[in-house]
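Presented below, as structure tokens, is a lone chain in the form predicted alone.
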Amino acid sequence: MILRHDLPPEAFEWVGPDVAAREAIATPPLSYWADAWRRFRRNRVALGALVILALMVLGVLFAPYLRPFTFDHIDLSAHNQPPSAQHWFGTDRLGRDLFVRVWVGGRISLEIGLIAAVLSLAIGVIYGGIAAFFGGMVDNIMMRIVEILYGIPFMIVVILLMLVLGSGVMPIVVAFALTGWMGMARVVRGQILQLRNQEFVLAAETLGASPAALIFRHLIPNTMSQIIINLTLLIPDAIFTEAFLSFVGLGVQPPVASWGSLVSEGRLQLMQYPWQLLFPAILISITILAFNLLGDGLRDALDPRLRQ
């Protein structure tokens, strides 16, 4: 065999794959939240639920201004009228326009749901984070307190607050915030217990980070996906609780309306005037269903264990 060593490099041609193309990045890198949003958009059910909730918020904000009535305008000459061109959802026993009252009542229900859920989330996240971080005796004592509070019926808390604060929106918000945070505390505690001994936490602790910094800058942000998912489930729970309390007469009082109080008033006229119950009940059902579907979609998008 004769080997030629005098051939210049130009005499050779690369016949394999293009090295530059092979080493190039085919797709731009995605952050965790960008990838979660991409996965969420593929879930048409969850995306539809988000659109429905956005329309619901726009409705409670602007729909009452579409009609020339106020939520407390009484017109006895137009009482118990069916849906028509003048009164789109009909009227109640006092002649008040139900379209305006339903959407104004939605403001109260959504306001209670959002505020109560956020307060419960804040209390539960802080409580569960502290219990899981310090562990040991602190964790045992704090979790035993949670178990004791679980044994107190919710209705007793509401009735006691009604006696102290009176009836209305604030007692409902406070009652739900005082009882709804315990589930969130358990979720956050479980997540932080899994992260407590991770390398990034030990590194931050070695560099001198305080317990507060470790909890609020390193541990809780890494549980944000579970927190967001549980928030979407807390909101419909708070809305349903408000509707139930208003239905039994412990919620908002006339002339202020909420979906629960409208359902309570409509049930008295169900056989003769069913539209008075139908419209607020439909909006409650749609809102709660949309929040639940949104929560399922967020769980699929944010939980890395469910990625395919």
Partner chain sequence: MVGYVLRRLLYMVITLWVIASLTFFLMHMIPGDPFTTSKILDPVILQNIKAKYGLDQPLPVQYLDYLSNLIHGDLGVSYKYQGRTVNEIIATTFGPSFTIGFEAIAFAVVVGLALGIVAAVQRDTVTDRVAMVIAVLGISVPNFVIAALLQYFIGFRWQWLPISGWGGIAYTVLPALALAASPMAQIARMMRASMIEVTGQEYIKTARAKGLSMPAVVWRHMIRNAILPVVTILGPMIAAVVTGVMVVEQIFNVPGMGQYFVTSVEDDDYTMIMGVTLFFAALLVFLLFLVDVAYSWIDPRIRVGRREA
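Positions refer to the first chain, counted from 1. Note that the structure is a prediction, hence the values are computed from the model and not measured.
Just so it is clear, the following notes concern the form predicted in complex with its partner chain, a form of the same protein that is not shown.
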Is it true that I156, I159 and L293 each have at least one non-hydrogen atom within 4.5 Å of its partner chain in the predicted complex? yes
Which of these stretches, 35-43, 275-283, 51-59, 66-74, has heavy atoms within 4.5 Å of its partner chain in the predicted complex? 275-283
Listed residue (A209, L94, M224, I152) with a non-hydrogen atom within 4.5 angstroms of its partner chain in the predicted complex: I152
Answer for E199 alone: is it within 4.5 Å of its partner chain in the predicted complex, judged on heavy atom distances? no
Look up in the predicted complex whether V256 has a non-hydrogen atom within 4.5 angstroms of its partner chain, and give yes or no. no
Does its partner chain get within 4.5 angstroms of any non-hydrogen atom of A243 in the predicted complex? yes
Taking 4.5 angstroms as the cut-off for heavy atoms, does L270 touch its partner chain in the predicted complex? yes
For the stretch 231-263, I need every residue with any heavy atom inside 4.5 Å of its partner chain in the predicted complex, listed N to C. F240, A243, F244, F247, V248, L250, V263
